[in-house]
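Each of the two blocks below gives one form of the same protein chain as C-alpha cells; they are labelled structure 1 and structure 2.
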Structure 1
C-alpha cells in the first residue's frame, strides 16, 4: 500500500491517517497495553503509572475509571460516531458525554477493557492520546471550520499539524501542568482562543500573507486570565519552531512548586508579558528553524484532505424555507435558533442540541449517536462536528433538506430548539461523576432548564449562555458564561456563586461575581431574577449581554440581594 494514500474509513472531507499515523497510534495502544500489564505485575508503581494512563486519556473518577477520547478540532465522520456508539454499548452503559474541549468521555470503562477500547478507536483513526495529563492536550478549533461564512482560512490543517507535532512529544510530555491550544480561522471566535494556553488566530497581514496571531497565557480554572498577544504576525512556516520555543520556555521556567500556579498563564503574569516575549523570541531565534519546521507541502497535503465537498449548484434555487417555517411553528422555532448560515449558497449548518430539558448536558445515547451518523450519511456528506458548547453540528446540509433532517432528529429526541438560548446550558459532570467536585452541576442545569421550559419564554429571552462548573477548576467554563455558576462547598453545604457578563468570543471577558452564593434550590429563582432585570430594562432587540454592558452589574445585584 502506498504509505501516503489516505486510508478509507471516514468521511472524504477530513484528515485521514496515512500508514504512518496508523502505525503510530497502534504502537501507542500496544505500549499502553503493556503499561497496564506492568502496573498489574508491580513494575510500575501507582505514582509512575498515573501520568502514563492520563496521557492515554484514563482518569480515576468518583465511582470508576473514566476514558476521555479526543475528537481533534471537533471533526468527526459518521463512521467514527458509529464506532463511538459501539464502544458506549459494548464497554460502557450505552451513552457518552461530550465535553467543552471537543472530547467524548465514557464514565464506566473497566481498566482491563481500556486497551481494547483504544484498539477499537484506532480502527476508525481515533485515539485518547493526551486528552489528560501534564502534556499538550487535544488541539481544538472552531466547530464551524471550513463552512463558516466569516472564515479567512480553515483552522483545521493547522490544528492537525499541531496534533501530530504534539503527539508523544519527547521533550514536552512532562510539563509543569496541562497545556491547551485552540485555533480559529474566522472573524468571530468560536473556539475561545483567548482562554487557552496558546490561542492561534489565522490573520492576513498588510501585504496579504496569511499567518498567525499568537495569544499566550489565557486560561480559566482557579485564576481566570485572558491571554495576551505575544506575536502579532507569525509567518505560517514558523509555527512549529515558535511553538517549540514557547514550550521550552514554559517547560524550563513554569512553576512546579504549586500545582495551582503551574499553568503558563501564571508564568506570563508573574514574569511579565514583555519579559516572556523576549524569552520566547530569544529561544526562537536560537533555533535552527529549517530543521524543525514542517515542509510547506506537508501542510498542503493535510489541507487538501479538508477540502469541502463539491456543493450542488442547484441547491441555491431552493426558496421554500420560509413557507415551511410558516407552516410548522415547531420547525420555525428550531430554524430560528439551531440553523446557521453556510458559506455555500443553498446550504446550512445545523446545531443539534444535546441539552433537552431535564437531560444531562452533553450526553448522547448510543442510539442517538447512530441516528446522527445515519442523518450525517444521508444529509451532511457523512460529517459531523462537536462544539465546545457540547452540541453536535451537521455542517453541510442542503437548505432544502432542513425540514426532513429536523423530522428525523425530532423522532430521535434530538430536535430541542434551544441552541444559544438560556436552556442550552454548559455543565461539567460535577459531583455526579467527578472526584474533584465540590458541588453538583448537572442537577442545577436540569432545574434551571425546567424553570425556563416554555419555548416561548426561551425565545423571548433570546441569546443567553449559562455555564456551570462543579468546582473551581472551571471545566464548565463558568467564567465566560453570560451567566456563570460555580458550585462550592461551605461547611458541608453546596453553595453556588453567580457571575455575570462573561464572554468567550474575541471580546473576551471574565464574568463578575454578584455576591454571596445561593443554596442549590434557590439557584433557579436567582437566575429568574437576573432574567427579569434584563427583560424589564432591555431596549428593542437588545441581547442580554448588550443590556448588561449598558447597565452594569448594580441592577442585577440589587435584584438578588436587596432586602425586601
Structure 2
C-alpha cells in the first residue's frame, strides 16, 4: 500500500476535515510548491522567500531546514502517526521530534521535498500552517482531554473552534509577535494555561452553567510572567467575540518597536491589568458579536466529532492488573508511573515516555511511530495524544489490556517507567539544531538521566520535573520546572543557570535562580546535590515541591555554593 494514500481516515472520535478544510490546505500546498520552485531557480532570494516559508512552518536552522507540523490540541489518529513515520523515513533521517507545543518537527528535510511532505500531510488531514510567524500558533490543550476523571468538559471542541477562527484570520496574521492559546477543561491544569498569552479554563458558575475563566498575559522567554484573570466567567457563546476583542487590543497597542517587548504579557504589564481589562471589555462591547460568534450548531457539530468511542461496559470484569503487577516487578514500576485513571470504568490512560535513559527527549523513530500506531489501532481505538511534556499518550486502553500493551511497548523500547520522574526531562533541541540557541540542551538531559538511571532511585525521589532550555527563549519551559536549567554562553563557554521551585499547574510559580551558572560537566553533580538536600530534609510522603515550599531556597543554595 502506498503511504501517500492512507488506508483509512481519522479515528471517528476526533475532528475530521470538511470540504472547505481540505480545499484550503491543498491550495496552500499548491501555492507553496510554486514558491519553492521559484526559490530553487533563483527567482526568489532567501530574504524574499523567508516570510513565505515561515507561513508554512519551514525554518532555516543551524544545519538544515526544519519543518514544524501542527498537531492541533495534541490529538492524532493511528493513520496520521503512520504517515508521520512514512515522512520521517522518506524525507528525513528516520525520526521526528515532538515539542512542548504538541507539534512534531523534522530536522533534516530538503527544500525540494517540502511540498511533497505537505501533500503527504494533507492526505491525512494535517498541515504546517501557522506553526511559525507572528500569528496565532497551534492551539494546545490538556493531553488527557475527553478521558480525564477530573474533567468538567472536553476542551478540544473549544480548541478546534479557536483553530478555525484563527486560521488565516486577516487581522491577526501579522501580529506584534507570536501568540499562543491553551485550553483546559479539568480541575487540574495539565496544559500550563497560566503561562500562555491566553489561557482558557472551562469552569462552572454558581448556577451550574459552563463557561470560561479567561487568563491573559502569561508567557516564558526572556521575561517570564504568570497570566492574570481578566474574566472570571465568560459564557460559552461569547468565546470568539471575547478573543477577538483581546486580539484587537493587542494588535492595536502591542509594541512593534522592540521584539523583546512585543508579547501581550508586556502590554498587560506596562498598561496595568485593570486598564487592559477595561480596554478589552470596551472593545468586546463595541463588536457586532452576532457576526463573530460561532453558530451553536457548528460547535455541536465539532463536539460530536470528539464523542468518545463506545467503551466496553464489561471491561472491568476482566481486570487482573494487581496480579500482573505482583508477578512482574518491571511492569509494576511502569504501572505506578505511566498509567493514569480514566473516567470510564475498566479503562486507563497510558503515558508512553519518549525519555529513555541516554536518549534525546521527545524523539521517536519511524519504527517506533509505526509500533505506536499499531498499538493504538489494537488497544486505544486508533487514537493517540501528544503532551507538552514531549510524551505520547494512549487514551483509551482497557485496564485488562495494560500488560499486553506494556509488552508491545517494551519490545519497541517505549516502556521507560519514568513519567513525571527525574529522568522524564523536557528539553528543547538546543545548540545541536537551533540557530537561536546559545548552549546545548540534549547532552545535559542525557547526562542527568544517566546519573539517575537507577529505577529504584528515581521512584524513591518521586515526582520531580526537570526542564532545560538552550537559550532565553525558554522553549524547554525551564522557568516552570521544579528544577529548571538555562544554558547560556559566557565568554565562549556554555554556562548553565539552575532555578528551583517552578510550577506549571494552577499554582503556577516561576522558579528562583539559585546562583551563578555551572559548566556543562558539573550540572549532573549540581542536580544530585539538590536531590540530596530534598532526600535529607523531606518528611514521610513529602514530594519535592512540598519540601521546597517548606524549607525555601537557602538549603539548596548552601549545598551548591558553600564550598565556592
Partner chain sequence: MPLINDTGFIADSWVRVSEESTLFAEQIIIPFAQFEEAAAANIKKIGVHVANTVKPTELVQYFAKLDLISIDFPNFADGRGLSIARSIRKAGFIGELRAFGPLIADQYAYARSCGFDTIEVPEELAARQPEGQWKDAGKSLSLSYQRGYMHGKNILNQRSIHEAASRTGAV
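Think of the rigid core as the biggest set of C-alphas that the two forms share within 1.5 Å after superposition. Quick caveat, the model's predicted, so the values are computed rather than measured. Numbering follows the first chain given and starts at 1.
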Exercise. Is the form predicted together with its partner chain shown as structure 1 or as structure 2?
Worked result: 1
Problem set entry | After fitting the core, residue 49 CA displacement of 2 Å or more between structures 1 and 2 | yes
